[in-house]
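In structure tokens, one chain follows: the form predicted alone.
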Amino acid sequence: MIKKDLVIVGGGPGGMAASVSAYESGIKDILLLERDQYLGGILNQCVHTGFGLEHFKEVLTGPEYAERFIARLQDMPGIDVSLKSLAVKLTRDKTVTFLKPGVLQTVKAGAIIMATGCREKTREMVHIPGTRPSGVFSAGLAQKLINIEGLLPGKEVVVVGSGDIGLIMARRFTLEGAKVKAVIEIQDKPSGLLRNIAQCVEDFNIPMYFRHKISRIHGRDRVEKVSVVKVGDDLNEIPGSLFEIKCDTVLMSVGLIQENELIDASGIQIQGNNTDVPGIFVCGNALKIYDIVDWVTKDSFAAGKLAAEYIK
């Protein structure tokens, strides 16, 4: 069994900021676990600008924001970064079991910070009926396919929901030559940032339908069309308002949920940055969903300091 003063699970913006904060607060024996092959988390696929306005007072892309923290971590010799390391178990006695290629290891920590981030809600979570053809993606997956893999998932797109990732991907698909037919939002106002509404939808003349929802997805092998219906204030369908939009791709941008399976499985209760187990902390999007990465950084700096104070 490995022993470390501090173990941080998650190498995205939250985990990196917590590592830097704890190190600068005097903790020099830190293990940072990241399941991907790179640090940076979701920032690596967010090639658009809009990051760093509050923290760095500059306009940066996601990879540029991540690179600044990666560079700081490289200058901190007490931080051991373990990539391709998937945490599979967390216990109340502050041990973390993680899987590396070919190796299952357990680390005993003086304190733990869970910076596991969040994940996207899926079609099943919003109960959209219909067939199950190819062409239905979460907006974040489509973002990874285009920005990381260089693949265009579709040519005629309907976006479900007006979350920030969906709005940004509406613009991205348009810039890549695809046609975004509509953004469908069940509420009477967008859920994304106003700047993304202006820059990603209005500037590209993409139709937005408020108080509408997808009532059915059609298609056998590939999405062929969607049925759209207007809803009232009670969110019930309005008879006679049904219409169809032909498309080959449906993007789901219907919100995010915290990635806290390890915490839930261990029976630990989250209480702000703290938990009901002294020495186990939570930060970033694992604690709450933040709209801006600068806020994740601020929250994670606070968690790093709390962990350092606990260890001391």
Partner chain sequence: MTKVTKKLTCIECPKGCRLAVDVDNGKVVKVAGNECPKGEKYAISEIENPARILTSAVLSQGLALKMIPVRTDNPIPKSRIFEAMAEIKKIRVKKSLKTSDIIVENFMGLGVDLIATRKAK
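Given the structure is predicted, the values throughout are model-derived calculations rather than measurements. Positions refer to the first chain, counted from 1.
Missing here is the form predicted together with the partner chain; even so, the following discussion is about that form.
Of the residues given (Asp75, Asp203, Asp188, Asp93), Asp203 alone sits with a heavy atom within 4.5 Å of the partner chain in the predicted complex. Only one of the listed residues (Ser227, Thr97, Asn147, Ser82) places a non-hydrogen atom within 4.5 angstroms of the partner chain in the predicted complex, and that residue is Asn147.
Shown here without its partner, the chain carries Leu53, Leu175 and Ile292, all of which come within 4.5 Å of the partner chain in the predicted complex through at least one heavy atom.
Note on the interface: of 239 to 247, 38 to 46, 276 to 284, 253 to 261, the segment with non-hydrogen atoms within 4.5 angstroms of the partner chain in the predicted complex is 38 to 46. Interface residue remark: Leu194 is counted as part of the site for the partner chain in the predicted complex, having a heavy atom within 4.5 Å. Taking the partner from the other structure, the partner chain in the predicted complex has no heavy atom within 4.5 Å of any heavy atom of Gly272. Looking at Ala198, you'd find a heavy atom of it within 4.5 angstroms of the partner chain in the predicted complex. The closest heavy atom approach of Thr61 to the partner chain in the predicted complex falls within 4.5 Å.
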